[in-house]
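Let's start with one chain on its own, the form predicted on its own, as structure tokens.
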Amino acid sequence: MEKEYLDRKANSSTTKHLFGSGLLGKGDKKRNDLLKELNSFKKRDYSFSNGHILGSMCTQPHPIAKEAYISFLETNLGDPELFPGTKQIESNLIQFIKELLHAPTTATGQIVSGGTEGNITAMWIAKKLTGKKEIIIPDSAHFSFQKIASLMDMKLVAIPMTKEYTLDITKIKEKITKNTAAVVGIAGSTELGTIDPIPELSDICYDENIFCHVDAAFGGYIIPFLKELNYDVPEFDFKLDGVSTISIDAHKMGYSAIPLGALIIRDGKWFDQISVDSPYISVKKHAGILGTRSGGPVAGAYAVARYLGMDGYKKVVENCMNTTKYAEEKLDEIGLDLVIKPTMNVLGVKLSKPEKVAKKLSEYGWRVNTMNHLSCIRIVLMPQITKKIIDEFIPIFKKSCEEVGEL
């Protein structure tokens, strides 16, 4: 699918327009020197494209996302009446995500920079709606909630994890007080890709009339398709009556360009809680954290959604899960165990010396993330990671483990 697109693009006039316009002139020495300098910096970076970044939940963008991004570089969705076409793209993208998450007709959405901004905005709404200042979170919650506590003067109330590394639902009710502003569940944890018992959490929040936020930054573009592929995963979205807001990132498993996330809100009226007067731009009310917002990543995410569609995303998820299973088998062959059986395309590999192994891998040109509190490294099988890349990685991984005394 991607190869067919690249073949068509290579023969298109669009490619020549984007990359061969010659506006600066090939003979421009200042331009050439500057590009040489930039390229020298770029060479120091690790690359998603060669598959050597194995610890990140971001991805190499789909080619059509890159093309769309470039075409909308100068647009600003913070002043939408100047860019009505781009604004329509944003509305269409929000509608796509609402349908993906089974949002009701009353729902609205806000395009954000990613999961951190989505979580902050959700808690901002919860605090404004309730006037309360405590947030119940699982121990696996993203570090953005630490920022929220500091930024918004809110208190975090942590819930311990079960042996499956999900929120212990039996502990929720005892933590709810008259000061509870919101309860948070994770659908695709940053650590191991686990999914909290969102249906049970939703029921509790619905019965207690408590704001329930689901952080699905990673899992939002995966879980709907895992269900279609007959994986045993729980419901997590607006099918559940108690779910108030969901954050979801297109620059993760949405196969889009950084930065692009969304916050979907069950009741559009709640958005008024965080709207302010904006007397000097084209709209009179402005909501959300950011003022200026580039249309580039929005166009990129919309282009991928239109190009792949639901069937295309399902195939992407299926490929990622097949690669995950393959990597799991290869790790077992070299004598390494996992922290838990993977829920989605994330592997936590048990190690006694994760930092040393990660450092050694870095010396060989591979990047993984460590989780010292779990004594493991995290491997994320994103769309650009293939079985061939796993075959290249495993011998280096084994060698690195042996060199630091892990195997």
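Position 1 is the first residue in the sequence shown; the rest follow in order. In this text, all values refer to a predicted model and were calculated from it rather than measured experimentally.
One more form of this protein, predicted in complex with a small molecule, exists but is not displayed; see below.
Visitor: Heavy atoms within 4.5 Å of the small molecule in the predicted complex: which stretch in 57-65, 31-39, 348-356, 335-343 meets that?
Guide: Stretch 57-65 is the one.
Visitor: From the list Ala299, Ile222, Cys205, Ile186, which entry has a heavy atom within 4.5 Å of the small molecule in the predicted complex?
Guide: None of the others qualify; the residue that does is Ile186.
Visitor: Select from the listed residues Lys127, Arg266, His286, His142 the one whose heavy atoms reach within 4.5 Å of the small molecule in the predicted complex.
Guide: By the 4.5 Å heavy-atom cutoff, the listed residue in contact is His142.
Visitor: Any of the heavy atoms of Thr116 lying within 4.5 Å of the small molecule in the predicted complex?
Guide: Result yes; Thr116 sits at the interface with the small molecule in the predicted complex.
Visitor: Flag Thr190 as yes or no: does it have a non-hydrogen atom within 4.5 angstroms of any non-hydrogen atom of the small molecule in the predicted complex?
Guide: The answer is yes: Thr190 has a heavy atom within 4.5 Å of the small molecule.
Visitor: So in the predicted complex, does Arg293 come within 4.5 Å of the small molecule, heavy atom to heavy atom?
Guide: It does not: once the small molecule is placed as it appears in the predicted complex, Arg293 has no heavy atom within 4.5 Å of it.
Visitor: Consider Ala217 of the chain shown here, and say whether it contacts the small molecule in the predicted complex, taking contact as heavy atoms within 4.5 Å.
Guide: Looking in the predicted complex, residue contacts with the small molecule include Ala217, since a heavy atom lies within 4.5 Å.
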